[in-house]
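Starting off, we have a lone chain in the form predicted alone, written out as structure tokens.
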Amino acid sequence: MTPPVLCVIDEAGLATVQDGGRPSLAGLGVPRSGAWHRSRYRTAAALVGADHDQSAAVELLAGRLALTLRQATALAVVGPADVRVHGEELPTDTALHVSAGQHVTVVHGGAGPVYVTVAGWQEPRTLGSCSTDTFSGIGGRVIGHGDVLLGWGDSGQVGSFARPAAATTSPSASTLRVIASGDADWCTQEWAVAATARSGTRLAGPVREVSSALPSRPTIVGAVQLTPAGEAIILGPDGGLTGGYATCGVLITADLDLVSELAVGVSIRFVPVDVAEASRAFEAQGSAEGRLVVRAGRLGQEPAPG
């Protein structure tokens, strides 16, 4: 039998296990969950030659992750972080070959989640996914000291891939495109990020009068709700599937990753767009992401140099 891939967690900040999530179970009352920043997650998975919707990854939102490998394997870190292997600083967005016994530290250091993938790592699945739903408690797990990432399989013959700056027509993180429903005057005002979580990002703005007697109705990831207190909430991957708050619009899919990069105190504005523009942005994002993942996946199968 192939020896197991075994990584022992020595230290962990705010970290959970995530994958592509549970996208087809909303009718059963199960949130999508899954990676908050899907582009980074898919790149990290591809870099170690893994399926970009099914493979497990550590999603690090804050703090530091430290682990020790018991078998040589491929490892990748994607996102804003300081990465060191046995004290040597190494780049992110790159497939790395880590030897048995080496100590890896990843320190979160920027906007949005950081993803750590390890070739051969497997996790138990609940409803087809190993994702951790932090709101409902379905599946996955919160990563902590003494946890073990265990799996059998290909330990990853990797090359090196540095991700180029992506050409994109998406707006900066201070603006988010939205398909508004009904009166869109709320889009014209400036909002400040008051709190962020995988269940939703809360925004503070001018006090508004919103009816509190609305019936509960279905919601989706990216839905923008207005509360009676005058706040706005952008639902995240762990957000509830029904709610009584007024849903005034939905973020376009191409801008969902930007929400995970918003920091408390940042000011944002919403930009109304139509369905046609949202579709064009989605196609452009998928095309760019597809080229990136294919390139990363190919390099993930090449022998390590020298």
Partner chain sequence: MLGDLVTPTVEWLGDRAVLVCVADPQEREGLHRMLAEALPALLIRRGLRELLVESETPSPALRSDVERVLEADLVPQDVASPTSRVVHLPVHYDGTDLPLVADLLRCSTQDVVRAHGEQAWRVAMMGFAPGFGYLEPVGASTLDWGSLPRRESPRPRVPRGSVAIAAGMSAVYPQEMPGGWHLIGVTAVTMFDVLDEDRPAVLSPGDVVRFGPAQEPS
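Residue numbers count along the first chain shown, from 1. Computed from a prediction, not measured in an experiment: that's the story for all the values here.
Omitted here: the form predicted together with its partner chain. The next part is about that form.
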Identify, from the list 138, 149, 187, 85, the residue with a heavy atom within 4.5 Å of its partner chain in the model of the complex. 138
Students should find that, of 267, 68, 279, 54, the residue having a non-hydrogen atom no more than 4.5 angstroms from its partner chain in the model of the complex is 279
Given the stretches 43-51, 258-266, 238-246, 57-65, which is the single one in contact with its partner chain in the model of the complex, using a heavy atom cutoff of 4.5 Å? 238-246
Are 128, 219 and 275 jointly within 4.5 Å of its partner chain in the model of the complex, each by at least one heavy atom? yes
Taking heavy atoms and a 4.5 Å cut-off, does residue 181 contact its partner chain in the model of the complex? yes
Is residue 35 one of the residues lying within 4.5 Å of its partner chain in the model of the complex, judged by heavy atom distances? no
Does its partner chain get within 4.5 angstroms of any non-hydrogen atom of residue 253 in the model of the complex? yes
Contact of residue 271 with its partner chain in the model of the complex (heavy atom, 4.5 Å): no
If you look in the model of the complex, which residues in 25-43 sit within 4.5 Å of its partner chain (heavy atoms)? 26, 27, 28, 29, 30, 31
